[in-house]
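Next up is one chain by itself, shown in C-alpha cells, the form predicted on its own.
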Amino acid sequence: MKILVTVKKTIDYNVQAQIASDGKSVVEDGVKMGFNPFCEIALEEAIRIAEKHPDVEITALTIGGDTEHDILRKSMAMGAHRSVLIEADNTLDTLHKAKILSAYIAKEHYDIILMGKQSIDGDHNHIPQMLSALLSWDMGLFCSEIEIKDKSIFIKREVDEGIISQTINLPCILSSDLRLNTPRFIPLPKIIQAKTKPIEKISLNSLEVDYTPEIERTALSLPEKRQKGEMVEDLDQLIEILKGVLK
C-alpha cells in the first residue's frame, strides 16, 4: 500500500502575521516558519498506519521552491520513506494546486492521499474536496479516527452535529482534524540522518497543467478592532438595546 501525504510550510502558528508594504502579501522574510499543523497530523497518522502495516510506503510531497527542503527533510525524519518536491515559483491558487496533485497522482499509484484539512495561512479548506472531484475518488473529511480494514477504511468524522462513522473504499482522499492524533517528538539522530536523504524534484511543466492565474489578489487588510462592550444592569435594559439594534 502506498500513501501520499501532502505537506506545507507556513508561518509558525505562534507568529502574528503582518501585511507587507505592497498591501497584497504577508511578510515572510525573517519570520519563523514551521510545519502546517494539520499536515503534520496527517503525516503522523500515515506513520502510525505504517507501523501497523509494514508493507505501507509513505511519500511526503510539497509544491514550491528550494526553501521547502527543510519541511521535506523533517517529514523524512518523522518517518516518511521518500519525499517529492514539485518545483513551482508561481503563486498558485487552490484549484491549480489540486490540478497539479491530480496530474502527479495520475502518473503514480497511491492507495491513500492523506492531507491536512486546511493550511493555517490561507484557511481555505479547498484542496481535499477539489482533488477528490478531479480524481473521482472517495473522500473522508475532518477525520478524527482512521482504521484500515482490508480494501476499505473505517473513519470517524467530526461535523457540527457530532461524530459520523462511515466506511469508504480505496483509493481515497482523507483529511485530518486536530483530534486525529498528537505528532511525535523527533529524536536528533533521525533529524541528522534525514539531511542526507534524497529529495526527488519534479518540474511543474512536466505535469502539463495550465496554471495561468485566474484570481488576482488586490489587497489585504486586518479585521476591524472589536468595539468595547456595553454593560447592562438587567434583562430589561438589554432588551431595549437589542430593539434599537434590530430596527
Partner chain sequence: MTKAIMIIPPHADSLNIQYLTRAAQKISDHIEAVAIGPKAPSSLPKVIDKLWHYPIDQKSELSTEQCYQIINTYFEQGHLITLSGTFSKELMPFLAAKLNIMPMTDVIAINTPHFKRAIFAGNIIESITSSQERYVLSVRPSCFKQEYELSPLNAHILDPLDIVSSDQSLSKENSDLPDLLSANVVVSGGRGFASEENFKLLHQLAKHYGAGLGASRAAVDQGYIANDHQVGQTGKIIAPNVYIAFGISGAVQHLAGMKDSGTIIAVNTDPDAPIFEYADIGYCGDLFEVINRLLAP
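Since the model is a prediction, treat every value here as computed from it, not as a measurement. Positions refer to the first chain, counted from 1. Basically, rigid core = biggest C-alpha set you can superpose within 1.5 Å across the two forms.
Below, we turn to the form predicted together with the partner chain, even though it does not appear here.
- Residues with any non-hydrogen atom within 4.5 angstroms of the partner chain in the model of the complex fall in just one of 49-57, 207-215, 187-195, 62-70: 207-215.
- Candidate site formed by V5, G30 and A103: none of these residues places a non-hydrogen atom within 4.5 angstroms of the partner chain in the model of the complex.
- Contact annotation for Y110: none of its heavy atoms lies within 4.5 Å of the partner chain in the model of the complex.
- Of the heavy atoms in D89, none are within 4.5 Å of the partner chain in the model of the complex.
- A residue is said to contact a partner when one of its heavy atoms sits within 4.5 Å of a partner heavy atom; S203 fails this definition for the partner chain in the model of the complex, lying far away.
- For the chain shown alone, L220 is a contact residue for the partner chain in the model of the complex, at least one non-hydrogen atom being within 4.5 angstroms.
- Heavy atoms closer than or equal to 4.5 Å to the partner chain in the model of the complex belong, across 142-170, to the residues F142, R157, E158, V159, D160, E161, G162, I163, I164, S165, Q166, T167, ordered by sequence position.
- Superposition on the rigid core between this form and the one not shown places the CA atom of P223 less than 2 Å from its counterpart.
- After superposition on the rigid core, the Cα of D66 moves by less than 2 Å between this form and the one not shown.
- Superposed on the core, the two forms barely differ at P198: its CA moves less than 2 Å between this form and the one not shown.
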